[in-house]
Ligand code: ADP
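As structure tokens, one chain now follows by itself in the form predicted alone.
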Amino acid sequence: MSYQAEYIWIDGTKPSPIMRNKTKILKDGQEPPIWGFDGSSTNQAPGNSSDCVLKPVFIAPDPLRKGNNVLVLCEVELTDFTPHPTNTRSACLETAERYKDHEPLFGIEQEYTLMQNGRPLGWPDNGFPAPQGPYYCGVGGEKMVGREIVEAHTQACLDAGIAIEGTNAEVMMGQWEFQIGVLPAPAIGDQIWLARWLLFRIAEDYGVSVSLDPKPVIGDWNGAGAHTNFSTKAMRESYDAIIEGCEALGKNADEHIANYGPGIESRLTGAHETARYDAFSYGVSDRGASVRIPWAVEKEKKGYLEDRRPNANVDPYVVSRLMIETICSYSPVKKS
């Protein structure tokens, strides 16, 4: 007997990479091996030296094909088995190992927009739907479009063993969110990427595409982010450590903004529950701040912080690496 292994990887498309996949047939009992692909077709190699390597890093049950079939998330390597320049997971793993004593953990809230015929799902062919207001966490009638896709995706994540924590409709019609966590790095990136792939694949069956564009509709409409919740062992025990984490992010704000996803200026405008991209702030229960401290965290005097700046199209390996490096290496000057 044989089974199907769906190899999945992140390509070299710019400014935002896309996901690729192909199927390998394996005999029962055979582990998914290292494989390869044509990098000249994925913006990852020239035609005269086109071979790239797929190294399995995360294997999950295939919730779509079911049976013994699996999904195989891969890192991309060069043929000498060193990380490919587009491989951001390798650096994330190295950073996570370096700061493992801090026990950093993540939860990412992935927003996305369902699209059809070049417009958000459910929008009229001409003009706009009713203004934002009833869609966020809404129910009923024609306004809540795409729920069948959301339900199928949620069940697929559960069946694949992905640490999905919840889902909700977002502020703009056709926009939804799922949450993954609480996980260390690079596992948080592995599971976000695999959950994204499942969403893209399931949407295919409904004739719908999925956009991670941070501002899918220009104008007075909400953008799409990937709010990133972060804690260390110290933060889970001390409120002072949370404040220090916020201060550290402020000291390194420019580098984070530069790596939080292309098109960030179009989303972080200071409106629609965002801070401006060129300013940094933090506050308790403040969705207009760069970093929010949840009210329950302030009350308990321990917990985590929420970085609200990352775009929906952010690379989760990059955001988790940056947050670990910035916060775990921060040494504030103590007042005498």
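Since the model is a prediction, treat every value here as computed from it, not as a measurement. The first residue of the shown sequence is 1; numbering continues from there.
From this point on, the text means the form predicted together with adenosine-5'-diphosphate, which you will not see here.
Contact with adenosine-5'-diphosphate in the predicted complex holds for none of 55, 58 and 185, as no heavy atom of theirs lies within 4.5 Å. Only one of the listed residues (109, 213, 190, 75) places a non-hydrogen atom within 4.5 angstroms of adenosine-5'-diphosphate in the predicted complex, and that residue is 109. The partner is absent here; in the predicted complex, the one residue of 87, 154, 95, 229 having a heavy atom within 4.5 Å of adenosine-5'-diphosphate is 229. Only one segment in the set 262-270, 145-153, 78-86, 98-106 has any non-hydrogen atom within 4.5 angstroms of adenosine-5'-diphosphate in the predicted complex, and it is 98-106. Contact between residue 159 and adenosine-5'-diphosphate in the predicted complex is not found at the 4.5 Å heavy atom cutoff. In the predicted complex, residue 180 approaches adenosine-5'-diphosphate with a heavy atom inside 4.5 Å.
Of the heavy atoms in residue 287, some are within 4.5 Å of adenosine-5'-diphosphate in the predicted complex. Taking non-hydrogen atoms only, residue 237 never approaches adenosine-5'-diphosphate to within 4.5 angstroms in the predicted complex. Residues 292, 303, 304, 306 of 288-309 are found to place at least one heavy atom within 4.5 Å of adenosine-5'-diphosphate in the predicted complex.
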